[in-house]
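One chain comes next, on its own, written out as structure tokens in the form predicted on its own.
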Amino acid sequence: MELVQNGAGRAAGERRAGSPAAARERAERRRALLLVSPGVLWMALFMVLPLAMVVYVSFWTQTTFTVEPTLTTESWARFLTSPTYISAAWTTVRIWAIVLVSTLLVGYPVALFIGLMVRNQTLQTALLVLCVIPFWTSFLIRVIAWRPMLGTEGAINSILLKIGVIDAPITSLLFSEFAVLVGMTQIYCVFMVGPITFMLARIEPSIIEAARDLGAGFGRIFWRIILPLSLPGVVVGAIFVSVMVLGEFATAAALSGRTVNLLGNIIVSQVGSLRWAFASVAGVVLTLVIAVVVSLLLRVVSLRKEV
């Protein structure tokens, strides 16, 4: 009896395997594998393999100007016990948090105006293009442009002196952490504005009208409807800003006068000194910080449900 049942099961399986539905399923599976193969190959060659190599090199033995493939934890111990490098890691995280909050505070009202107040799509597009106009110039030019603005004889000090707000130029505007924060906020704010604007533009006006007809004020509508529906855009913008700010080094070098030392600056200086093992340690630490930040941001909202 059991043999008969097993034989019947095999026969049914063979019939299903030869059916048009099974053939269509196999064809779709092959098509899916074909579509995903370039991306997997690209990620393996240009992300996984280099990252694995960086981790491997971080354990190599570093001498003054040479590095040997003899495994050791000396570079890791030096990084984790040095107050200079721990301070740089903390400065990187602190500046990331301040810039993230400042870009959100500046970018959200702008996105709210473009995405919710402006209903003309042509005007929306024009305003978004205005936001990205600074990106038509070089990144370095946008950073250096803050020097004549924040300098002792710069535009801001000149205006404040002329209107009588200050009696002497403020020397702490340039070559300070303040300058780095201002520069990064201006440069990366647009990456917060774009995703939030797109999410706000998807909100049906009838929902807000219905809440208004029921007697809700703007504050209540904002906290109960607008903010929750725009959270996916906030998270996407925060991921964009976080990844770029955490990997920054040029803005700090140009506007702080080397008074602000980020992990990115350590990597650049160590590579310049041919200390590949120590630069790899800093690179791995920076990658871990970025991974933790992105993971925490993704826990705020499930982006998969919003697609």
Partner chain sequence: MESRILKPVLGVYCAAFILFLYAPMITLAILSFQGPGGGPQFPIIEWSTYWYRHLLGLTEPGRIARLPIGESLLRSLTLALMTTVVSTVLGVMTAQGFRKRFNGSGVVFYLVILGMIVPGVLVGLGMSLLSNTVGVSRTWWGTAFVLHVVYTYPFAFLVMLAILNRFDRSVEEAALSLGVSPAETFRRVTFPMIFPGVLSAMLFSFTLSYDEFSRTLFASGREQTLPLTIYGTFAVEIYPNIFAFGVLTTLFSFTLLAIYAMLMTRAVRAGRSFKGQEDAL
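Positions refer to the first chain, counted from 1. Since the structure is predicted, the reported quantities are computational estimates derived from the model, not experimental observations. We call the rigid core whatever largest set of C-alpha positions still superposes within 1.5 Å between the two forms.
A second form of this protein, the form predicted together with its partner chain, is not displayed here; the remarks below concern that form.
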>> I'd like to check something about Ser280: if you look in the predicted bound form, is any of its heavy atoms closer than or equal to 4.5 Å to a heavy atom of its partner chain?
In response: yes
> For Glu68, is any heavy atom within 4.5 Å of its partner chain in the predicted bound form, or not?
Replying inline: no
> Applying a 4.5 Å heavy atom distance criterion, does Pro109 contact its partner chain in the predicted bound form?
Replying inline: yes
> Is there a heavy atom of Tyr85 no more than 4.5 Å from a heavy atom of its partner chain in the predicted bound form?
Replying inline: no
> So which of 199 to 207, 70 to 78, 128 to 136, 89 to 97 is the stretch with heavy atoms within 4.5 Å of its partner chain in the predicted bound form?
Replying inline: 128 to 136
> Which of these residues, Val101, Met117, Ile166, Leu227, gets a heavy atom within 4.5 Å of its partner chain in the predicted bound form?
Replying inline: Met117
>> Could you pull out the residues of 140 to 159 that have any heavy atom within 4.5 Å of its partner chain in the predicted bound form?
In response: Leu140, Ile141, Arg142, Val143, Ile144, Ala145, Trp146, Arg147, Pro148, Met149, Glu153, Gly154, Ala155, Ser158
>> When the rigid core is used for the superposition, does Thr70 move between the shown form and the other one (threshold: C-alpha shift of 2 Å or more)?
In response: no
>> Using a rigid core superposition, assess whether Tyr56 undergoes a CA shift of 2 Å or more between the shown form and the other one.
In response: no
>> After a rigid core superposition, would you say the CA of Thr259 moves by 2 angstroms or more between the shown form and the other one, or not?
In response: no
